[in-house]
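Here we start with a single chain on its own, the form predicted alone, put down as structure tokens.
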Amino acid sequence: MIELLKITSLTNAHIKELAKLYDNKERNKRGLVLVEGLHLVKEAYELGILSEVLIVNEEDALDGVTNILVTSDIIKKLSSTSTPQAILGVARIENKKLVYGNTILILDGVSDPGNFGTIVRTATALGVASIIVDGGIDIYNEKVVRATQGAIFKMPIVKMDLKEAILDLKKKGYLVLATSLRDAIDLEDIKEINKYALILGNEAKGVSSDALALCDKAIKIKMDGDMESLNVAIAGAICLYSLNNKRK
């Protein structure tokens, strides 16, 4: 039988400590992140990084982790959503190293948590080996975690200096591509490709001039009508899918 602890007070010291995990500095210091809802809790559990689960219903208890039976009010206090599910977990944040696979994604200043999370989820589905981040994005922001639907725990995401990352990848034989609206070739004009790194830029400013100066080619998505640009997450998905289909 699984042992259950029980907390009913909103002012309980442990609950107060868990609430602090919505602060980036606190998460980094303690190496823990809150995961909300059954799907994310199960993802963390199956990956072996779930340390604790808060449940309203006893049947949701899990073997091998600390199980705490709590009230719906406690779940609401700790949740970042207006209609939370009756389960919430605490997962360990693992330090990940860069994995050099066929495709590397570089995010140059992507700042919106929803976009960032969607990009991580899409990149995982399309076989990206690692994501390099240059910029102040809070990787484990609650909106990011939700948008990734668990992919945040699977994808190696590493913060690196942009110039250093690009030069390192070029030395290792990667073709470095950057999305741009100016002085760029159409994505469809790339006929064959081997291993590559794709740079996506900030939602408002795009890829920085420093990155564009270092990349091998600037690419753009050919569009009909009066549209000049796409959401960065959508543009990234189109580019990754198209480039993957051009492999030698």
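Keep in mind that this is a model prediction, so the values were computed, not measured. When you see a residue number, it is the position in the sequence shown, counting from 1.
Beyond what is shown, the protein has a form predicted together with another copy of the chain; the following relates to that form.
Only one listed stretch (88-96, 116-124, 137-145, 171-179) carries heavy atoms within 4.5 Å of another copy of the chain in the model of the complex, and that stretch is 116-124. When you look in the model of the complex, the only residue of Lys154, Lys159, Lys76, Lys163 with a non-hydrogen atom within 4.5 Å of another copy of the chain is Lys154. Although the partner is absent here, Ser229 is a contact residue: one of its heavy atoms lies within 4.5 angstroms of another copy of the chain in the model of the complex. Put simply, Thr8 is far from another copy of the chain in the model of the complex: not one heavy atom of it is within 4.5 Å.
Residue contact check for Lys191: none of its heavy atoms lie within 4.5 Å of another copy of the chain in the model of the complex. Proximity of Leu18 to another copy of the chain in the model of the complex: non-hydrogen atoms within 4.5 Å are absent; the residue sits far from the partner.
Residues are counted as partner-facing when one of their heavy atoms sits within 4.5 Å of another copy of the chain in the model of the complex; in 202-223 these are Ile221, Lys222, Met223, in sequence order.
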